[in-house]
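This document starts with one chain, in the form predicted alone, laid out as structure tokens.
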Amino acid sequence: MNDRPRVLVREKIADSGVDLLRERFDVELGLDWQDGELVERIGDFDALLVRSATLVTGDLIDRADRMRVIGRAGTGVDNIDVAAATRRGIVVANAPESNTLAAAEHAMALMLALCRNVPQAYASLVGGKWERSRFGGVEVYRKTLGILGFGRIGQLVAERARGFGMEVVAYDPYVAAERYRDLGVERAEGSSDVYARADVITLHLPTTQDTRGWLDAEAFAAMRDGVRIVNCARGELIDHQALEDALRAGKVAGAALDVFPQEPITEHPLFGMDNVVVTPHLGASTVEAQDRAGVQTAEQIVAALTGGIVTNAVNIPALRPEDMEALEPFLPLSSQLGRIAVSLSEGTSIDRIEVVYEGRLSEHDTRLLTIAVLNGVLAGHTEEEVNLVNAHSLAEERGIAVAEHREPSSDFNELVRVTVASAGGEVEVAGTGFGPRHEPHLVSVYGQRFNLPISPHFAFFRYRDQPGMIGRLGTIFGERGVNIVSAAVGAEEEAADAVMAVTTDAPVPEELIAEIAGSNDFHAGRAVDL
């Protein structure tokens, strides 16, 4: 009887990846299978390898009785129900680094093509015209490249741009200052600093609620006249109507786009403009990147089926049952504390994250909680989605030092303390769980102690400790129609300042925070939405 594990390769990958799997397993190619056949036969396989076209739903996973690993030959896992796989104990792995080099090179290719009018000159020449004087371009040497989003791909672009003799300035508050120095890149305090200096701007941001439409009419107005825009990241990052207006007005000299809000797309007002270069989402489309994705994913499947380490798993790593039982209630708290701490951080970079576990938590393998803290700090600020496996590597590539400590003694049964250090100083927050369900509570911010249930919407204020401050704040909130759900004050004896934390039933407007923080005896204010 053949007891070799069976692997289903559902979509086309490099032959070298298939060969790697066949060395150890029985491999079946299901490239032409219909969905019905996949549903009927999925229970026969120990591993499944897909790209982006196969939808791996929870219902399909429920039928996969033998399944131990699902591999995605690419960066994202949006087509896989990771939660359902995790519940079944199935490892989900991808190839997050397979296309980074290809994407960085394509960004450079588009920038050079845009600056030298390569596509336009080609079309003119093959169309029977010799228009040498019409397509004169500009050099990139000694020009300033502005990079918005300085993760893995942004850093590769910076290295290559410096090889062309460009000055590079980048903005990404979730990268350590030392990392900028290592790469010879100037760190911008904000995106407006990039707009003011850059001759070319390239985008390498994730798509989040905050980054959609990042380059809008206001952003274009703040840029230098004659700036050029390159986008090989995500189409939603640019307001295309605002870009069209800026191009027609001459504010933007040209744009090179590889991605669009809706794809596929063949008709768009930008496509007919002489100063626009477009490609159909080719950032990852190199032979090497496609081969790399297939081989890397095959390697992950081999590791999962042979007891090796699955380095690119995107779901929860294995822990002892007793550790998982003790830690699982504190996963949401740890992530929330990370989000609160980084939101209160005053610096323009993150240099160090320190996590301390006190009380009974110190008796367990707390690595999973530290990963959850990193998830809270980095989520929504990296090119790829942060998960419970890749958080450490994402922090490392951004030059962020991570330290974890355990302290058996504590004033609480369990306590998680998170410190985020940056050029602007340190911010420390702490929390614990109360009751049989370990409901998350915030018990310390800025070194001041109080007790407040963690809520989706917070506002924090630092102020001079004197009578009447609570009433003043409550009056302003009431006048602006913002409902305070709960509030707590921390004021240590002999301390000149106090901290007030309030929770609300809706996000607190930034103008309200600014009004209070700018009034007499208030020092700072910050809204945090979880």
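What you are looking at is a predicted structure, and each value in this text was computed from that prediction instead of being measured. Residue positions are given as counts along the sequence shown, with the first one as 1. Take the two forms, superpose them, and find the largest set of C-alpha atoms that agree within 1.5 Å; that set is the rigid core.
Not on display, but discussed next: the form predicted in complex with nicotinamide-adenine-dinucleotide (NAD).
Only one listed stretch (216 to 224, 170 to 178, 248 to 256, 333 to 341) carries heavy atoms within 4.5 Å of nicotinamide-adenine-dinucleotide (NAD) in the model of the complex, and that stretch is 170 to 178. When nicotinamide-adenine-dinucleotide (NAD) is considered in the model of the complex, only one residue from Ser422, Thr211, Asn117, Thr286 comes within 4.5 Å through any heavy atom, namely Thr211. With the partner omitted here, the residue from Asn99, Thr370, Thr432, Ser349 that has a non-hydrogen atom within 4.5 angstroms of nicotinamide-adenine-dinucleotide (NAD) in the model of the complex is Asn99. In the model of the complex, Val418 stays away from nicotinamide-adenine-dinucleotide (NAD), with no heavy atom inside 4.5 Å. Although the partner is absent here, Gly190 lies well away from nicotinamide-adenine-dinucleotide (NAD) in the model of the complex, with no heavy atom inside 4.5 Å. Although the partner is absent here, Glu354 sits far enough away that none of its heavy atoms falls within 4.5 Å of nicotinamide-adenine-dinucleotide (NAD) in the model of the complex. Within this chain, Gly149 lines the site of nicotinamide-adenine-dinucleotide (NAD) in the model of the complex, having a heavy atom no more than 4.5 Å away. Relative to the superposed core, Asp78 undergoes a Cα shift of 2 Å or more between this form and the one not shown.
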